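Structure 1 and structure 2 below are two forms of the same protein chain, each written out on its own as structure tokens.
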Structure 1
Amino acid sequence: MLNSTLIGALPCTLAAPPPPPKMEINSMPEALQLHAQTLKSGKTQQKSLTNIFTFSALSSNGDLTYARLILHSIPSPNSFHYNTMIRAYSRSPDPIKALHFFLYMARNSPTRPDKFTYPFVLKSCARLGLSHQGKQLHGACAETGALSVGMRVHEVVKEQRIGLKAHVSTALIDMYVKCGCIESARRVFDEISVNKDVYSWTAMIAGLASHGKCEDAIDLFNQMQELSIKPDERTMTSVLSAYRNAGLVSEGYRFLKTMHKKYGVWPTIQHYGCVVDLLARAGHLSDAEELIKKMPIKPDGVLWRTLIWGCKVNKDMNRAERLIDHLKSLKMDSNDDCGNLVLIGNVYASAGKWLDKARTRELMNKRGLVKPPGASKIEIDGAVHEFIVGDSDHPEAEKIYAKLDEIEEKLREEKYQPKLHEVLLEVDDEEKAFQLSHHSEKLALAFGLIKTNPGTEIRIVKNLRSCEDCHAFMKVISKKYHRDIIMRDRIRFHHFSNGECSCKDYW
């Protein structure tokens, strides 16, 4: 349930570019004023322009668009300037532009990529591998998706033996994990012959946990201990995620209780969140609630929401409604309002309290809150295609829906029954079945079946948690069409093969 305790929290130590000249700029108005003075002087001042550029690109109150303008005015931009732009875009809302700069640097610029370039390029690939927003990739990357670029970067890394650097190897592991290639991530990890640091171990442990290889993740942590490598907070989060994803309740709870004494790491709210989620999923709702009340850290709305979700899954509606009243009494951050209200509405719908759900929806409308639609992305021949629930805008929509009709016919042969309870709307069963059949990941899958050769692996990224019906659907399709399907939802990765899922139906 807590996305921050999963893949999003993967550590990745990135090497910074060489330090820029000392900056004496504190705001964009100052940067603009200095730039104006430089232009008026009529002299090319590389140092001043670099100062303005660096502040605009990297400062929290800078302006990336302006940084690009400055970059074009610098007479002889060097690797520091390009690496700075790649670094800035890798952490921006638009990481695809980091790849634009990388491709320009690799193909057209007299300045070639160096050891400081690759970690931020790989970070951008990793972020795009998980990205849930944006349309098809444009510009310099129109021919390629994040994984394709990441693999090309890996080839260059191997050619230049940059992979021997621990921070680059960790970035490669992170990229492959987030793009769904856990085997490739493990190969990179195993190839680090010496000086594996805590970040590399943690990235690999977290990756294994998120891909359902929880026992392997725990074994790797034990190997790390045998080598006397001191874990950090993120390592603990990764191990707890493994216990949580495997449903190992007593082991995960014991690990939390002994963390500080055994490993010298004080539990944080992320660690408590993992265990609350573990207890709630397993139906230990009273224990989860007691843990929240007794933990030494003030609980936030996310923790309570995790427990409420567990109540919904385990059909303890009395507890869920009591906790909803408590959640409503909290002063919620505006960023949490939408998630809280969507969950509350879903709990009411599950209990058949349609009037209460309608009131919740009305409150969302008054606050201008909109639940994001389900969206799924699939990469075909290097191009990334995105579908939303009920999408009819795709150029090949007619073929996609025809393929879905074919799939549904095959499912009927298998006596597959849609999970109608997943549709939390007051409509008849026929409409519920129609709603389920148009979920975004099903559209992406149908497109993948059309566009790829038989036996080819299909990879899908979804922005929301996969519903029970779509999960069961993917299992059946993997067997019926003899396809391996890798789907990443908001929680974790699911590897479907021959009618089974790596999560063992526990997610």
Structure 2
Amino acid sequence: MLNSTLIGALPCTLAAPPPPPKMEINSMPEALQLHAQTLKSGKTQQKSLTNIFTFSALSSNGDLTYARLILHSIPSPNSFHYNTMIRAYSRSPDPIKALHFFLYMARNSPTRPDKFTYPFVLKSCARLGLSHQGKQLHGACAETGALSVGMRVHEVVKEQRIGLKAHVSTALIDMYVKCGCIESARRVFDEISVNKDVYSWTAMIAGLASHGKCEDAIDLFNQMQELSIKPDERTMTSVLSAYRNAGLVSEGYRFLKTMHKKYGVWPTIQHYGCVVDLLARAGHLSDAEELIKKMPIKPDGVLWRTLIWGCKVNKDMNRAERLIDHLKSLKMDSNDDCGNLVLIGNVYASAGKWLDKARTRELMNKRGLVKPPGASKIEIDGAVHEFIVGDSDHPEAEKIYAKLDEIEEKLREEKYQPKLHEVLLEVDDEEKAFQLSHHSEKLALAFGLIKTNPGTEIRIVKNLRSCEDCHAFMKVISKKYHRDIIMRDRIRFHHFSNGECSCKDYW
């Protein structure tokens, strides 16, 4: 509540100036009409065009056709226009276009990339796992736009990374983390000694946690405390995610309980989500369910799915089915629909309830929902190759399948048993083995083995979580072929080396 006496006592000269008039646009058709009018009026009004353009770029929901069209009608686009476009692409379903546009800006326009541009394009690299391009951008950051305030160019050239602005460094750390290059991320972090703020710390802690380097993450959090840098909500999430990935149940639970008292941050749904996952995965299903019911925040779809997935992992089908019935009875955001039904179908299938699974499938068809197919990407010499499950479209498909045959032969020598239970289809074992062998990450791996020199690290980015068979497969290959494999799945990283995985099979 505002103190009205105090407000009344303020001299009127201190009143805030009225906000500058802004063109009010409420819908895309309105924006397009205004655009047409502005053009017809003859005088090209840069300011009006800018407003219309900004609106269409920000409200595009991924379709940036109009924004581009409008941008073309702006007589002399400035860096703000380019940056707005790049930002919109970097958040769109097709972030590669942010890089295309960046290249266009850098090569064909008099406008230079600046301190705003780099975080957007780095974000695109992070989302796509483009380490090659990300590294090149790292070098390019030495251009003026990314410099620290007060730094002179020759100082920056001498100590490039130290001259980076904190937010650019954070974007770099995040890019390296999400591209699987945790050591590079750490180097950037260690070298920004003067500019580290809570965001850089959090990005690094979250990165270490996602790579399964949980002790390092906690160490860093402690160092941060010693320097009296105040952690925020996201820092708390990163620390909890370190406990989660390490399976440190009591530590994580205690942290959640004491975080407000110790750090002044009230737990949010993300924090509860982390701990529910931690408890559920470790088999403490009752405690996890209890926590959801007792927490002061309304649980969302993510939280219920986390718990149900925990039931599936721990094979508690009674609880799973009870929770599924509960989930079905809830009014959910339609965004949750697809995720809910995919999970429910998986749970039924893994319990051998084929009829229920078929019904779930029908329901999805009726609602026009499509389960996203598994896809894996691998970067070779800066070019990205993407494989979809069962893919045979790649120009070198024949070689890839021949390589997979060779690998399977080797695995037979090792007495490797395919994890057939991971195939959630009502088919015979031969068909199951066939299905497993065409998972997208295996295709990407075979391609990587063909295309890179012996001993080279192989990095794979997957859109979903890997199945148990692919996980075991990667472990064996890392040993048999003497390759380190770094695989990003939907939520974390696995480093396979000499037959072991950094997650210690806890995921």
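This one's a predicted model, so the numbers in the text were calculated from it and none came from an experiment. We call the rigid core the largest set of C-alpha positions that still match within 1.5 Å between the two forms. By convention here, residues take numbers in order along the sequence of structure 1, the first being 1.
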Return 1 or 2 according to which structure is the form predicted together with the DNA.
-> 2
Spell out whether the Cα of L449 moves at least 2 Å between structure 1 and structure 2 when the two forms are superposed on their rigid core.
-> no
Look at H35 and decide if its Cα position differs by 2 Å or more between structure 1 and structure 2 after superposing on the rigid core.
-> yes
Honestly, after the rigid core fit, is Y481 moving at least 2 Å at Cα between structure 1 and structure 2?
-> no
After superposing on the core, C-alpha shift for N108 between structure 1 and structure 2 in angstrom | 4.9
